[in-house]
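Read the single chain below, which is given as structure tokens and is the form predicted alone.
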């Protein structure tokens, strides 16, 4: 007890890894901070000056985007709105399928035995290690092969054409590619959420006579979803942003692809990309706030 009472409280600014800076260290920190701030402001000033000299702030560049009386305003926003709608459709489909399949894979991995778990883990590690754009490209190539037909033993041919689905084949190439990648990420998030719960939760459920599946479905998964909600929402935001990757393959005209078509006609890439970036930031910010609202609501219901 004596040793504990003689311990001094940590100094202001001290952390586990670093001691509190002294007067000289604080002066150096302040000096380098001022130098860095001046350098950043200088770079921003030079960039703005260069943009002014090249006419990037002119009415001809911004008018079609911000002035409703401009002759191109309605046409430009109709095109951007159409591209944004296509982006939302792809994102909603990919998010819904990723959640359903990801939860199913996560539950299968938790419930499976040591031997049956191996192929599930291999599947998760395979798609988790792939870049998203490569997953979309592989789905595109497989879709082409299955459209032509894969020969099977005998005279049989395995054929499936994604173009028969609503929205066209390129929409489903994007959706399936995003789902293949993000479902395994969500599966790992769900598994981490269940594993992070105290073991007593499952033991108490089994002691009450519930089966392992009932314990998982009624006790563990609801708590895991609440714990992992921020991580889940962050991954859903990633899905929305990754829809723009289909622009690399072309074909499906989502928001980014549509913005390129607008740029080809108006020759204002900086202005259009600024507007597209603002749209993505606004949607992701709204999604994040919605997640915080859901988290607070669930926490209030649980504590009440």
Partner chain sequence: MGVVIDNFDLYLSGFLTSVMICLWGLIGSLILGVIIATFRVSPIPILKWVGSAYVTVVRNTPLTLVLFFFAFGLPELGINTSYYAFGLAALIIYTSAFVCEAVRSGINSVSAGQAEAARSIGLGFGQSLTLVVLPQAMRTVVPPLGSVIIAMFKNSAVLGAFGVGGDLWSTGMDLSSAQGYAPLPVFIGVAVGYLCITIPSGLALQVIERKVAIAR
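Numbering follows the first chain given and starts at 1. As the structure is a computational prediction, the values presented were derived from the model and not from experiment. Between two forms, the rigid core is defined as the largest C-alpha subset superposing within 1.5 Å.
Just so you know, the form predicted together with the partner chain exists too; it's not on screen, but the next bit is about it.
Heavy atoms of residue 294 never reach within 4.5 Å of the partner chain in the predicted bound form, leaving it off the interface. Taking non-hydrogen atoms only, residue 181 approaches the partner chain to within 4.5 angstroms in the predicted bound form.
Put simply, residue 141 is close to the partner chain in the predicted bound form: some heavy atom of it is within 4.5 Å. Contact between residue 37 and the partner chain in the predicted bound form is found at the 4.5 Å heavy atom cutoff.
The partner is absent here; in the predicted bound form, the one residue of 236, 253, 249, 65 having a heavy atom within 4.5 Å of the partner chain is 249. Partner contacts here mean any heavy atom within 4.5 Å of the partner chain in the predicted bound form, and among 67-75, 195-203, 90-98, 122-130 they occur only in 122-130. Shown without its partner, the chain has 40, 50, 51, 54, 56, 61 in segment 38-70 as residues with a non-hydrogen atom within 4.5 angstroms of the partner chain in the predicted bound form. Put the two forms on the same core and the Cα of residue 42 is off by 2 Å or more between this form and the one not shown.
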